[in-house]
Every structure is written in C-alpha cells, then in structure tokens.
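Below you will find one chain, with nothing else, as structure tokens; this is the form predicted on its own, and questions on how it binds or moves follow later.
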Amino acid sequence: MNTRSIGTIYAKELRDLLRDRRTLISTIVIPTFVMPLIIIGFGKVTAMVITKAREEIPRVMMVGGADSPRVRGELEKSGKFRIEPASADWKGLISDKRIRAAVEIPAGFERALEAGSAPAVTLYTYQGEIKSSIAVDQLDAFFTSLRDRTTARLLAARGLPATVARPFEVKRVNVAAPEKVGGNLFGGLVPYFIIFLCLAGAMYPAMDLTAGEKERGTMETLLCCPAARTDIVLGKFLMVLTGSLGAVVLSLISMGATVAVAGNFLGAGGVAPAGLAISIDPLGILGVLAMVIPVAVLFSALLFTIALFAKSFKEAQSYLTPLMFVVILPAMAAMLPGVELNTRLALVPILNVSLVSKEMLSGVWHWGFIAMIFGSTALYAAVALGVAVMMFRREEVIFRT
C-alpha cells in the first residue's frame, strides 16, 4: 500500500466529483439547505394547522336531551360549540367529518342532576382526527365544569364546603431540565436524518467512481497506471467516505441553526409543551458525529462494492435504491415507543447507532454501550472494506459484461 498513490488518486477523484452537479446536490445542497427547509416548513405547517383547528368553533350534535333544555342552552351560550340539528345518522356524520363530535344526553338527565345522581353522559369522537379530538376535549371540559358546579351547589345546600368533594389535588412536576426533555423529544429525529444523509452523501460518489467510470470508459485507463489495485480502491473509497462525512457535517451545522428556528415555530404553534426548550447538548452532537464515522465507512464500502458490479450508472441506481429502505427502517425503528437500548440491540447495525445517538443528544452517556456499538460498527465496516478491496481485484467484477 502506497500512501502517495492513494493520495494522488483521491485528489484526482475529488477534482472530478467537484465538477459533478449530482454529487454537489447530494453532499452539499440537500444536507445544508433542503433538509433544514423541510424541517422548518413541516414544523410551521403543523403549528398553523393545530392553531387553526383550535380556533375553529366545532360543529357538534346532541343526541337525546329533549327533557334537558338547560344543558343545551348552556352549550349554545358558551360560544365554544355550534349545535347542529339532530340526525339519526350522527355516527356517519362524525366519520365523514361533517360534524366533529356528538354528546348523548340520557333521558331525565336534568332532574337526576338536581337530585345529585345523574346517569353518565357519553361523548362520541373520531379517534385520531385532530379536529374531532379538540371538539371532544372541549365537550369533556364543559361537562366536567357542569359536574363540579353541581357538586359545589349540592354541598353548599347541606352546609358543606366544596373541598369535601375534592380533599386534595394531584400535581405533576417535571424533574428533568427543559433542555433535556426537549433534546429527548427532538433527538429521535436527528439520528434518523443524519444516517439518511450519511447514506445519500456516499451514494452518488460510489456510483460515479465505479459504474460511472465503466460507462465513460475511463476505468481501463486508470487501471493501466502504476498504482496497485489496493491503492486505487482505497483512494476511491476515501472519496466516497468524504462525500458521506461531508453530508453529515454540513447537516449537523445547519441542524443547529434549524433547531433554534424550529423551536420557536413549534412553541408558538402549541406543538411543543409550554415552557419546553427544544435544544440539544453540543457534546451530544459531537458524540453522534463520532459514532457516525464507522457507519460512514460501512456505508461507503458497502455502496462501493455493490455499485462495482453494475455496468452503467443507471444499473447502479437500481442496485442501490433498495438499500435506502434497508437503512431507513432500522433508523425509524429507533423512534418507536418502547424500543430501548440494550445489549442485544447494541449489536444490530444502524439501529444501535440511532438508539445511542438519541441517548447522547438527551445528555445520557452509556459508556459500555457506546464502546460496544462503536466497536461492533467498526468491525462491520472493516469487513465491508475488505470485501470492497477483494472485489476490486477481480477482473470479472470490474469488466463484467
């Protein structure tokens, strides 16, 4: 292995790829500008949708309650609901989103309420639909207030204080720093985007330096130079690795600015809880960058090897595109509730890095797992790089027809 030959090949490939528009888009434009715009845009649109849904006066329907005019009157006077005329197909109207919710008032509700023992009121909603959920929450708040007022009145009539019905309160206090909570919420997305960009940044250089050179007919010229095959493949591999790490570094830099802007959008729109500071520990970002290095080596070697089998750039794309789903699925699995870092998952490629990165961004450092994940990922990367060198030495792979 000749270091000078590797450097010469690397410099040559770097100059060539800097002239390639597709490489510049995948390694610079997308991670630096497109991904932050997507995050900010999605957060802003989400905040606008939620704000608009909360400001809308929901259309609701009363089922029954003909003998409870006072309850209906209070609902209408509250100004928080628009009571629709009764219909037999009220369940279908909720499912079709023509009304947002319905409340079933049992017969004799007001008389029973005066006596202090009323039957249950049933609220009907379209579960998972945001406007229906807001409407049913407002209905629940209305009837909870009605129940409390009735309880206080009945107790006062008997000469008892209202605190008899509620002798104590239950409070929830967050013991974690707001920054840590915000990092835990936002930290699940950061590893996903970084791993995705790590793969995307390596994909086009890997295809261009293998199948692209075959298509242009320059592979034979390169192989005629006095450099050894190992030097050639390592020089090309370093170029692919540069594209991968370059995309990650640029994404981390732009992500820092995005978090500050997105935090304002999410907080202003009510997406994030009040008082929550969405921030990420800078040391956590450095930790993620360190963990991504062996992942970038793994992706670069794997993409280089697979693209080497292709005879054209288009064929290489058809080989590498399915790999995107193989990488995205475990990265997304790390965001699922209940998926926690343990010894078994610490050996699963990609998923392990996503899980430990989420912990580090939240300020939690499991040094045993970090060492295990870094070591296992480095081992997978070394094997992949060894396979890439071996494949490049085989004539039937390079000149496959």
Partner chain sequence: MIEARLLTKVFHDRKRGEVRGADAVSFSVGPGTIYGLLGANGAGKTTTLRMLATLLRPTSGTATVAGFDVAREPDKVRAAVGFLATTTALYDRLTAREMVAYFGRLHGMAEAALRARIALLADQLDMHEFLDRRCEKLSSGMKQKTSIARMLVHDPQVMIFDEPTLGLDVMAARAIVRFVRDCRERGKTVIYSTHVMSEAEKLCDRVGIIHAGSIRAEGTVAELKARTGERDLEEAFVRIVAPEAAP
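From a predicted model like this one, the values you see are computed outputs, not experimental measurements. Numbering follows the first chain given and starts at 1.
Just so it is clear, the following notes concern the form predicted in complex with the partner chain, a form of the same protein that is not shown.
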Proximity to the partner chain in the model of the complex, single hit among 144, 117, 127, 221 (heavy atom within 4.5 Å): 221
The partner chain: the contacting residue among 159, 226, 322, 167 in the model of the complex [heavy atom, 4.5 Å]: 226
Heavy atom contact within 4.5 Å of the partner chain in the model of the complex, the stretch among 238-246, 106-114, 92-100, 208-216: 208-216
Contact of residue 384 with the partner chain in the model of the complex (heavy atom, 4.5 Å): no
Interface membership of residue 9, the partner chain in the model of the complex, 4.5 Å heavy atom rule: yes
Proximity of residue 389 to the partner chain in the model of the complex, heavy atoms at 4.5 Å: no
Residues of 238-252 having any heavy atom within 4.5 Å of the partner chain in the model of the complex, listed in sequence order: none
